[in-house]
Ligand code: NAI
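Just one chain follows, in the form predicted alone, and it is written as structure tokens.
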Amino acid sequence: MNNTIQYSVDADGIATLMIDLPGKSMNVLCAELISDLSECIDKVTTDDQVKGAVLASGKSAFVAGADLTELVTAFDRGVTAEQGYQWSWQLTGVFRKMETCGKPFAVAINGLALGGGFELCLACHYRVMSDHPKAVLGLPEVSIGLMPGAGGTQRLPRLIGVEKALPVILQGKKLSPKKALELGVVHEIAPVEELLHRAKTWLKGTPHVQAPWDVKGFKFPGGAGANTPRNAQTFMVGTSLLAANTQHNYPAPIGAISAVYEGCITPIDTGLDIESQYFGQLVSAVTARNMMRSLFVNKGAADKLARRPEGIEKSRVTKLGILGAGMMGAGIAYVSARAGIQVVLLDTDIESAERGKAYSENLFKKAIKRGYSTQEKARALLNMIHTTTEYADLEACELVIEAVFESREIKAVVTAKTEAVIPENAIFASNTSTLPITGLAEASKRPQGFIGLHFFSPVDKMPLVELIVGKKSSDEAIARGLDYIQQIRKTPIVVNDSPGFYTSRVFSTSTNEGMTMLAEGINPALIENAAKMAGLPVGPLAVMDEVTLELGYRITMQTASDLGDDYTMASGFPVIRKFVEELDRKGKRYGKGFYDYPEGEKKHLWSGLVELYPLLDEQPSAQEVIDRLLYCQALETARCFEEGVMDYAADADVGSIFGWGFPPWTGGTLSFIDTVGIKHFVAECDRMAAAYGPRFAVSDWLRQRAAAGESFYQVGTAEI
């Protein structure tokens, strides 16, 4: 028995290797486990009394994959491609030793097996998988900037063919037990309590001791490499799609498909070596560092409520009040009911409230159609949403979320009416996207229980919630707000109060820059396409149409009214004013904005744009447009950090990626500064300030930070 694997041999000569990392909720392929596994394989191989072995897990899942906390700091520690190759090759060597040791290995897959955990299963000679709904197989490495590095790009195509393997490798598509059996990835599925028995039954029979690809005369399913017409088409189409989807910002999918292409026309050991070489290049590069750190380590910490104040008892919301049944209120009602919370959905008239509830009904119908829910479950959850116009129905709500019109006066009225009926210790939260929470809390008799909970549209799809702390918000209010966000399975960030908070404030710089460039005479198609080339989900003009120019207009006018002479109109606001006041082109909801939305056809940029804003004779490069869009957001984030709106770089990065879609390859807005180098960043901002205006001006604080070479993350750490 070693520290991570419980080794035992039964009377039939079957060894059981029970993987169970101490102190961990889930098994991961850490250095200690890899060493212990190698030792156990040697014991099986050299013991004449042992006929074969079965791998199993002592936890509710099998193995979740590699321990990314060991990989995320590789770039900062100066790990080279050769060192990354050696790490992969060492793990591959252990798996290959098991596969070729001359004794049969079966695996009892009792739950999820992802990444390296799935690759470990593929190296076994027989695979039995639990038929439990939570059991799943997959290779999600490309989603965090890596690729399979322990045989995934070689064994899976050899097992099921290139065409079926590529979606799993390149898109991270997960396999259910039924699908895994259908593809031939596993040999059988069984109830979890029968897994060990089934595996041992196979081992006690006449088990084979060679993987298919080690048998003489092995033929690749569907043909090897690009030597068959079907595979040739698969590789050509796959490469084209990768280029279109990644814009060459993400090296991992390219490395993975290259490893498949090159490796599958070679013997398995050569293919494994090729895979390790590509893996080494990726793990030692900055993109993988950025994506692992923000998408896995820092998001994971946020999901576990890393910013939750200590000493506050854990809470759960059983009854939630929502003021306003528009798109945001309706979306919040849906995700809350889905989490098992009783919801009181209040609006000024019952018809509006019922329309808000119908939004949930339509989403439940879609879930049923896709097989994610049943009629009974959907009906039960829908019954948890109670529509009303009566504030008295909010009685006993532990939390109330206000999602009414963006007007300080209207919000003050609903706050007073709500506080008249809810419990004294209830939390009141505003879903405002821009109005300062401290100011809104002035209408409250208990500002210590007043916070902001800023959701993103559409609520059912967007993973982030921004919790805003007002000047008088208590630790208890913060803790309970975070508990609720976790309860509805969203990712929280915590920010301090200021106009626009963090996400709205920074996001608006991108749309503003897009409109400013439009007014300068830059081709609108260039603006939109450059944004997509950078990795932004859509262009800034399309985004403005989605949120509506009318909303941007109203927010600007409200902010100008609040701040008076202290407010400076954004450089792109004249464009908004013209479209709203003069042209009546207010955005997608109204059927026209920067784009036209012809019925039954795809949207397209309005042809009148170039008449309003004649094109410059000499257009900038796509890279210059990209830089303007990314740098303005990163610079505004640095200002937020300087002003104390953000206390942690990790929250800024997670918020930028999951809140409005800042390109994940950058790691987020502050990681972007660290990636290009803070000195280079400041120099570029100086250049753009001279060329385009003071919105790119760098503060003394940031300039001093650059002079000292001070990054936003401490070198060699996963999280600030």
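Numbering starts at 1 and follows the sequence shown. None of these values were measured; they are calculated from a predicted model.
Unshown form predicted in complex with this ligand; subsequent notes refer to it.
- Residue D347 is the only one of D347, E119, D545, E513 with a heavy atom lying within 4.5 Å of this ligand in the predicted complex.
- For the residues C397, I144, V168, V404, the 4.5 Å heavy atom test against this ligand in the predicted complex is passed only by V404.
- Contact here is defined as any heavy atom lying within 4.5 Å of this ligand in the predicted complex, and by that definition not a single one of R96, A211 and G263 is a contact residue.
- Stretch-level contact analysis of 524-532, 447-455, 72-80, 557-565 against this ligand in the predicted complex, using heavy atoms and a 4.5 Å limit, identifies 447-455.
- Although the partner is absent here, G324 lies within 4.5 Å of this ligand in the predicted complex, judged by heavy atoms.
- Residue contact with this ligand in the predicted complex: A306 places no heavy atom within 4.5 Å of it.
- When contacts are judged by a 4.5 Å heavy atom cut-off, S433 counts as touching this ligand in the predicted complex.
- Although the partner is absent from this view, Y391 contacts this ligand in the predicted complex, with a non-hydrogen atom inside 4.5 angstroms.
- Taking a 4.5 Å heavy atom cutoff to this ligand in the predicted complex, none of the residues in 136-174 make contact.
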